[in-house]
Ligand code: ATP
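Before any questions on binding or motion, here is one chain by itself as structure tokens, the form predicted alone.
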């Protein structure tokens, strides 16, 4: 028995000679926030649509909750899935509340969920306004609300924060934390890597229809062996002493750019640098340790 809510085995999708998804294997555990990142055309949205049963695979198999993505049993399971596509389109002449009620009927969800959901995503004041008067961010909030109809156990979110302002992004991830705490599994894509690097449990990097790497952000950093760096503020006259102690270490070097002083080092030299800085007897006034960002990791794998 596994705790995997999604299992993808050797899945392919071909459009003529184009291999949008090419022999891909993937497993997502229940209760995770799982990120899927890659360049445009990497196959992320195609994989999403196949996992939802919206487009058929050319070959391979996808299972959701242990059931193949086909047939009568999957139609039952799909009622417990939520999906926010990258580009949400609504009927302009319906209000936000009417739009949500329309999707509630399609999903067989109680109409009574609509009002509280609009309030949850910050649209209660615009519930009775026509959608054609909504901003891009408001439309995105409405799309998120429809994805939340029926309290889904599995959420697929394709570029979900497009058009949202910083407050909207913060509220979006607050709702995701609540859903995760309630046991939901969430899969999302985003091109804003700094936004998701502290918010996903695991992630996969896709390129040309294949998965290049998969794991936690930290494990991928370690696999890439990317250097980290210390940003320092020194007491007057301490630079020469810093250079002396760092020069004695393997895999570390000092960089000075105006008033910005950094020490770059390989991960295995991290503690040696910490000990060397501690030995400077108060000449280090402040220090920040910077790990490689998710963007650095992504470019390392997909470049």
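All figures in this text were calculated on a predicted structure; none of them were measured in a lab. Residue numbers count along the first chain shown, from 1.
The same protein also has a form predicted in complex with this ligand, omitted here; what follows describes it.
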property	result
Residue 46 within 4.5 Å of this ligand in the predicted bound form, heavy atoms	yes
Any non-hydrogen atom of residue 113 within 4.5 angstroms of this ligand in the predicted bound form	no
Residue 174 within 4.5 Å of this ligand in the predicted bound form, heavy atoms	no
4.5 Å heavy atom contact, residue 68 to this ligand in the predicted bound form	no
Interface residue in the predicted bound form among 62, 273, 42, 28, criterion: non-hydrogen atom within 4.5 angstroms of this ligand	42
Listed range touching this ligand, judged in the predicted bound form by heavy atoms within 4.5 Å, from 33 to 41, 237 to 245, 274 to 282, 261 to 269	33 to 41
Heavy atom contacts to this ligand in the predicted bound form at 4.5 Å, residues of 75 to 95 in sequence order	86
